[in-house]
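The form predicted alone is given below as one chain in structure tokens.
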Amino acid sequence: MVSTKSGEFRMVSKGNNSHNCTDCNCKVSIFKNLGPLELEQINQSRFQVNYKAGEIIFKQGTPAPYFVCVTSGLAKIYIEGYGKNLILSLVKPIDYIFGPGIYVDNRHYYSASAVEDSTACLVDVAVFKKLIRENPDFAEEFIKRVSLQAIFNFDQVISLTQKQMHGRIADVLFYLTDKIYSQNPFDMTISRQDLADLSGMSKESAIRILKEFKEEGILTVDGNTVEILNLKQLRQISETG
């Protein structure tokens, strides 16, 4: 069972009733170091879940029984503060969500929710940790991915604490076009509030800066379609903060 945004619970399909992990094209790259028998252990402990846009995947402070792999759609992970959220990152296919609490107190230290209609595989964390202990190549690849996430978080701290609002919005725009949507122009499926939560400012401030960028000819905004017209100028704003 999985909790939905409304607080209700619903059943999800067991791993062996959906795609088999051995043949699946949606495996996270760290699973390349697992053999057929190990992948079968993952498959037998896996649930496949469909989430509607806006549905909670898991909530900050709750137990963390699953390793979550996003196989379609888009999700966000965010810290719930005092009346305000801070989005740490967006998670696109095929990538996973796996918090530090798994090895501390088995709790989630941030929340995750679907930005778009999404599908995820939930793997029993006990099985995942067992494979970490038994397969050093798998463990090393996992540590590498955790380290890359930490480096990204360090960069985000610099942006949020040392840059002015224009520089923060510039950083978010580059993050969206380079890392998330991988194209320019792109259709922004996150909300304006999400944009603000990524940059650590109010929704009104984020919208105002987007309008200023548009008036200066740096970008165009047509509904949810954003196109960066002057990459050089936007990069300069990002670098100077």
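Just so it is clear, the structure is predicted and the values come from calculations on it, not from any experiment. For every residue, the number given is its place in the sequence shown, counted from 1.
Keep in mind that the form predicted in complex with the DNA is missing from the display, and what follows is about it.
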| property | result |
| --- | --- |
| Stretch from 65 to 73, 170 to 178, 199 to 207, 42 to 50 whose residues place a heavy atom within 4.5 Å of the DNA in the model of the complex | 199 to 207 |
| Contacting member of 90, 165, 127, 112, with respect to the DNA in the model of the complex [4.5 Å, heavy atom] | 165 |
| Contact flag, residue 191 vs the DNA in the model of the complex, heavy atom cut 4.5 Å | yes |
| Contact test in the model of the complex: residue 59 vs the DNA, heavy atoms, 4.5 Å | no |
